[in-house]
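Okay, so here's just one chain, in structure tokens, the form predicted on its own.
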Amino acid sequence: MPGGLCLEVCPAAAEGALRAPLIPGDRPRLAISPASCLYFKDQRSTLCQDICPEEAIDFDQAPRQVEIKADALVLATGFQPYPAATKERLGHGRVADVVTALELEQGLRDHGGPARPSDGRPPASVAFIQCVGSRERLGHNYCSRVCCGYALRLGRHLRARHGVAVSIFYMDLQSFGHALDDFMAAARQELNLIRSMPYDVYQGHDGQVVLEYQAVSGQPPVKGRFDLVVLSVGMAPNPDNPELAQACGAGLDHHGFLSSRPGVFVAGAATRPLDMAEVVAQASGAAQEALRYLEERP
């Protein structure tokens, strides 16, 4: 069976306890998902640890501190998804069938298709709400850059693979990447793009989620009903950045993102919101800068 002995004996493999990489290498490489692994639920199932010939699994490991001396440092601490529950009017944590895009993607990866948390049924209609935690005057007043792109891709996936009717509520659409014009043209044909931001989300009497929004400026609000509502959360800086900046002497901007100094180089979403291609390019640049710094040191 492809995937190795661990995957063969895992009693929760179907629930996503073990995950294989999206791009397979020369040999299977698996990662344990604590959310689905039975050991992390009852501390009794150790089948994968017992059978692993490389002894690569050790459930008894404890956290430990290691001191390393280095002449250069690369900080690639990433970002934190904006906590959607702080936007109470949008219903996350209050309305069962309101999820974040990350939660939707997790479900697609673990179960192969979308499902309503309330009853497990596949949704026939889904609404995305953009800019949750981004572009706010009294909050994160910057564009997170990736939200529109991932919502459009998820929406097109839901329509093409699962026959879901998808609506996307937005202020304006920002998308980056290859073949942008063709991508946006296809999205406009396949999805219902609504330039309006819902101001209230609540549970309807019929089991659907109700969104109230203004479809036409100056006109009374209307109500949209959907089986599932997905919040496109923005990228917030890592909350540990201030302490990390102080410890390493790195710069810290007014949003809370890091910047480099001689000997300390910052890469990826630790610097600002970036998409995956930008993260890879910036990581390569940070590594080259660190090597150059080491070569030029006396």
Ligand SMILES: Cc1cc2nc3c(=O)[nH]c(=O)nc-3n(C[C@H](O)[C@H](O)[C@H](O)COP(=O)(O)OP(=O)(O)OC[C@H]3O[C@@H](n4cnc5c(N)ncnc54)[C@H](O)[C@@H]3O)c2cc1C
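One-based numbering along the sequence shown. Predicted model only: the values in this text are computed from it and were never measured.
The next section is about a form of this same protein that is not shown, the form predicted in complex with the ligand.
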| item | value |
| --- | --- |
| Contact check for A76, F79 and L274 against the ligand in the model of the complex, heavy atom at 4.5 Å | yes |
| Heavy atom contact within 4.5 Å of the ligand in the model of the complex, the stretch among 147-155, 205-213, 83-91, 120-128 | 147-155 |
| Heavy atom of V229 within 4.5 Å of the ligand in the model of the complex | no |
| Interface membership of V279, the ligand in the model of the complex, 4.5 Å heavy atom rule | yes |
| Touches the ligand in the model of the complex: L102 (any heavy atom, 4.5 Å) | yes |
| Interface membership of N238, the ligand in the model of the complex, 4.5 Å heavy atom rule | yes |
